[in-house]
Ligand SMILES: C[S@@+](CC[C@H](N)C(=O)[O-])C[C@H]1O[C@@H](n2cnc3c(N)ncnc32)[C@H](O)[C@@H]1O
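Just the one chain here, the form predicted alone, laid out as structure tokens.
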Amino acid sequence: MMVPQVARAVLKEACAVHPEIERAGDPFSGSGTILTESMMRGLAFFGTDINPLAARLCRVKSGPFFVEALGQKASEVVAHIDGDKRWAVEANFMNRDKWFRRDAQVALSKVRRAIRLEKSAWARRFFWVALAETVRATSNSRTSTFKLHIRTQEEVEGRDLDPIGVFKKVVVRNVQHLKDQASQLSEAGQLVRGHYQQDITVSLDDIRQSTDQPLCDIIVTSPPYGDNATTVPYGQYSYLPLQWIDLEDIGTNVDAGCLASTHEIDTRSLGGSKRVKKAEPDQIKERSPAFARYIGSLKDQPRDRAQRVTAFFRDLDGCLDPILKSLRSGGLMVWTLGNRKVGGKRVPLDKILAELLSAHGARLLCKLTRKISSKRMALKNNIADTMSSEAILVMRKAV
């Protein structure tokens, strides 16, 4: 995950050197860390993400900040839930009964019906985010991993579930978060009648296909470290919550086909398609000697390892032209990266990306290294040789 303190420090230093910076961009917006930190500095923002749940979360974080009204609406939603005596289940999708106990389905349906009664779209979207977290916490999937991993039958039957109670706690916490954010923005003079004063655009889109982008002065981002199948499957993580959210409240361009399977969102993401054309490895090797050396080091390993690394870098390379087009001439880029392992060999993502960006006309200013003192990971993986540091590339687009 992108650490907020790092994003904050990056933007502070960049704006000190370049006070003309007015708009920040993040082509892999995720949960909105760069968005939030950009707002705290009074910047406009443009972001994209291919995951509908990520786009929804970013849009909620961008406001409006009608804090008092939201508190009242939260009380009304809770009252509707408590007064709902129906047992009908509102969601219908493949393997629903596998992923949710019947009592959880009934409780989540009460929450869903209550949110639908809210007339204001901005408020519904806020409550959908709370429901998404509730769904994840009360499904039959393990919470120790981002992957959908079913619990044992004994665990499923023995859990003490209270989806409505979870939802209420999440709403209270999220309202407080919004209050805190509104207070900070207000102190900075960035809020007028609950609205942030700079332009915020978050697009549900694949950056490789994005065309209508405002020009940014700085790009601050942390792309995936590899294909979702072998790193963090955010699409799988989002699959169950999205089954309970009204997709039209996320945006008019949401493709319901993204929920065709538990893997569909990840398949659409970087490295999701492992089909590599014959010429593609050589094209990447021409741009990046580090990639050529790394692929060569995998020659004695199973073929699929080199193939999935190639597929990821092919897709990452396909993002670079659209990203550079969204950046003004001479604009800065700050990339936070982690070098993971494939087949026991560390992938030099930082070196490869720097070379690919240079091939697209950018210039490396410096590379920083940050030690990761703590990070979120499954306890079962704590003994593994995982990333202990991350690289931060600072690059400039050619004038």
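Here the structure is a predicted model, which is why all the values come from computation and not from measurement. The first residue of the sequence shown is number 1, and the count goes up from there.
A second form of this protein, the form predicted in complex with the ligand, is not displayed here; the remarks below concern that form.
In the predicted complex, no residue of the candidate spot (Arg8, Gly63 and Gln184) has a heavy atom lying within 4.5 Å of the ligand.
Residue-level contacts in the predicted complex: of Asp217, Asp206, Glu118, Asp249, one residue has a heavy atom within 4.5 Å of the ligand, and it is Asp206. With the partner removed from view, the residue among Ile50, Leu349, Met39, Leu70 that has a non-hydrogen atom within 4.5 Å of the ligand in the predicted complex turns out to be Ile50. With the ligand left out of view, the stretch that reaches within 4.5 Å of it through heavy atoms in the predicted complex is, among 27-35, 327-335, 340-348, 359-367, 27-35.
Mapping the unseen interface onto this chain, Asn140 falls outside it, with no heavy atom inside 4.5 Å of the ligand in the predicted complex.
Among residues of the shown chain, Ser222 is one whose heavy atoms approach the ligand to within 4.5 Å in the predicted complex. In the predicted complex, the ligand lies farther than 4.5 Å from every heavy atom of Thr134. Using a 4.5 Å cutoff between non-hydrogen atoms, Met2 counts as a contact of the ligand in the predicted complex.
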